[in-house]
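Below you will find one chain, with nothing else, as structure tokens; this is the form predicted alone, and questions on how it binds or moves follow later.
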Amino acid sequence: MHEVVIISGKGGAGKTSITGAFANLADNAILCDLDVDAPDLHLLLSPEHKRIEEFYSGNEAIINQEQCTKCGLCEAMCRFSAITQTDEGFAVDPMRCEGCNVCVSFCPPQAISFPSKHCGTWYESETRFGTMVHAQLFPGEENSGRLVTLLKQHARKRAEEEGHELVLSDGAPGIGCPVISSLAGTNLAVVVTEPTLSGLHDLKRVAKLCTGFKTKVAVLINKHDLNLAQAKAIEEYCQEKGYPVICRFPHDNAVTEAMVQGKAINETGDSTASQLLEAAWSNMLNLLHDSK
């Protein structure tokens, strides 16, 4: 079984559109959306939830007003200013609480509980392209790396149970914790970039991260015809580093039209864009087979 993740150095580079198109071309894959902070793949695939699970991570302090003696020690010791005195007594601001446990440990009457924190929801769903594992963190919640790891583990389990050969994932943008979790154990990362100075800069950063995980890198240049000089600079960098460029995708209004319709790019009819994506998919599979 192989694992491929589509990533980009920043948001808005087109990785979700590419993932949706690849999902349409894959005939034996489990789909996974690892961009748990801002998932978008469901907008293209319209998943029907078959399993819904709450995600808990970290802890949150809660003061029991009946046991609290209002000594104020918790407010004094909280370095995050998460505890304040109100008309009803001392209370914890959940947006400020970092779950450090100091107030819980030092509360004289032990009036502060420390339950696990409900941070979001994860799903197993059916789509027209097959099974999809995905999630959504609540706004402002952290621990997305842990949730990404959970999704990957579940996707692998489903792939093994159902005999799928590939886990195809839409990764998170950037080089932060969710991307790091996305890359662990992944065979190939397809990095979607754009022909700009920042696109090249972001490509270098995320490719370096992939190298650290010994994950093979392939590059797809999106909207390459908007700046041919910068596209050439990206190709020269890829040639220098040995990163295969699997597709030079042009700016195409068909991409926007497909998004508006809630479809993958290659679901809207035979077009140059569809042919390019089929070639990119074939190139990607060849890289996977070569990595055996």
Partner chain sequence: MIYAIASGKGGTGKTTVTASLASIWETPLTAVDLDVEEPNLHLFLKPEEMITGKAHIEVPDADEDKCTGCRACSELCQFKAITVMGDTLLTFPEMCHGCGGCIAICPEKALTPGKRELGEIVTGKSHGNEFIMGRLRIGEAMSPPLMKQILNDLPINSQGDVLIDAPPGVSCPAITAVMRADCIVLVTEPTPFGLHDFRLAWEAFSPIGKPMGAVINRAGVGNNDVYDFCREKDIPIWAEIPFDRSVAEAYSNGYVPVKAIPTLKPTFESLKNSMQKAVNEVSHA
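No experiment lies behind these values; they were computed from the predicted model shown. Positions refer to the first chain, counted from 1.
The discussion below concerns the form predicted in complex with its partner chain, not included here.
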Partner contact for residue 256 in the predicted bound form: its partner chain, 4.5 angstroms, heavy atom | yes
Check whether residue 153 has any heavy atom within 4.5 Å of a heavy atom of its partner chain in the predicted bound form, and answer yes or no.
-> no
Is residue 186 close to its partner chain in the predicted bound form, meaning a heavy atom pair under 4.5 Å apart or at it?
-> no
Hey, in the predicted bound form, is residue 29 touching its partner chain, heavy atoms inside 4.5 Å?
-> no
Among 157-165, 106-114, 126-134, 83-91, the region lying within 4.5 Å of its partner chain in the predicted bound form by heavy atom distance | 106-114
Just give me the residues of 211-241, first to last, that have a heavy atom within 4.5 Å of its partner chain in the predicted bound form.
-> 225, 226, 227, 230
